[in-house]
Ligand code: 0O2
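As structure tokens, one chain now follows by itself in the form predicted on its own.
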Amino acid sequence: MKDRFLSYAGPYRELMAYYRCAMMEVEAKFKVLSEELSLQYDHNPIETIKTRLKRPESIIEKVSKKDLPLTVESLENGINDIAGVRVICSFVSDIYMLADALLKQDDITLIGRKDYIKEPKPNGYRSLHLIVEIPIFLHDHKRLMKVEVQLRTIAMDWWASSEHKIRYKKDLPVKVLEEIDKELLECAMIGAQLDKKMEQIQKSVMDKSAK
């Protein structure tokens, strides 16, 4: 399979370059929003912006799981999260405000939305996922590209990063993994409570300062 994949090396590199351009476009949009909104609010709603492009190994694994042909066309049409932009916020309310602001822009098309904040995954994972389509302007034509946008609070991002490091490729007995999963879920619930409490404190401060 890897040999077949390498036969598309030229077109594959070209497609990845397009995805990098799309990530830069989305990242730039959030940086502009951050600059604008930091003037309107007493805090900057964006703590950090991260970008990532799926590694070839991860792409091949996803293609295999979806039983897709290993072609550049199937990658572009069948996989929505090759390019990713992660936006880390202070408060849950910032997440929805930024998502709404992004989706109101007339060159952004929403392809898919999964709200793991309102409905967390069974393991406790929380985040707002958007699949958006954005145009990139090349020297002789315009091309529409898909980017996955993940919006999280600091607590959500810390939990997701820690959970991945704890669970990733760990060859442990099932009983031990089940106990770890239980403890990780408890940590996720504590994180959700912290987010809620911090949001309440922030709202209280805002209400009092407005009087």
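Worth saying up front: this structure is predicted, and the values here are computed from it rather than measured. Numbers for residues come from their place in the sequence shown, where the first is 1.
Another form exists, predicted together with the ligand; not displayed. Remarks below refer to it.
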(Q) With a cut-off of 4.5 Å between heavy atoms, is residue 160 one of the residues that contacts the ligand in the predicted bound form? (A) yes
Q. Is there a heavy atom of residue 96 lying 4.5 Å or less from a heavy atom of the ligand in the predicted bound form?
A. no
(Q) My question is simply whether residue 62 lines the interface with the ligand in the predicted bound form - judged by any non-hydrogen atom within 4.5 Å. (A) yes
Q) residue 52: heavy atom within 4.5 Å of the ligand in the predicted bound form? A) yes
(Q) Is it the case in the predicted bound form that 20, 29 and 139 each bring at least one heavy atom within 4.5 Å of the ligand? (A) no
Q: Quick one: find which of 152-160, 139-147, 172-180, 33-41 has residues within 4.5 Å of the ligand in the predicted bound form by heavy atom distance.
A: 152-160
Q: Taking the ligand as it sits in the predicted bound form, which residues of 82-115 have a non-hydrogen atom within 4.5 Å of it? Please list them.
A: 86, 114
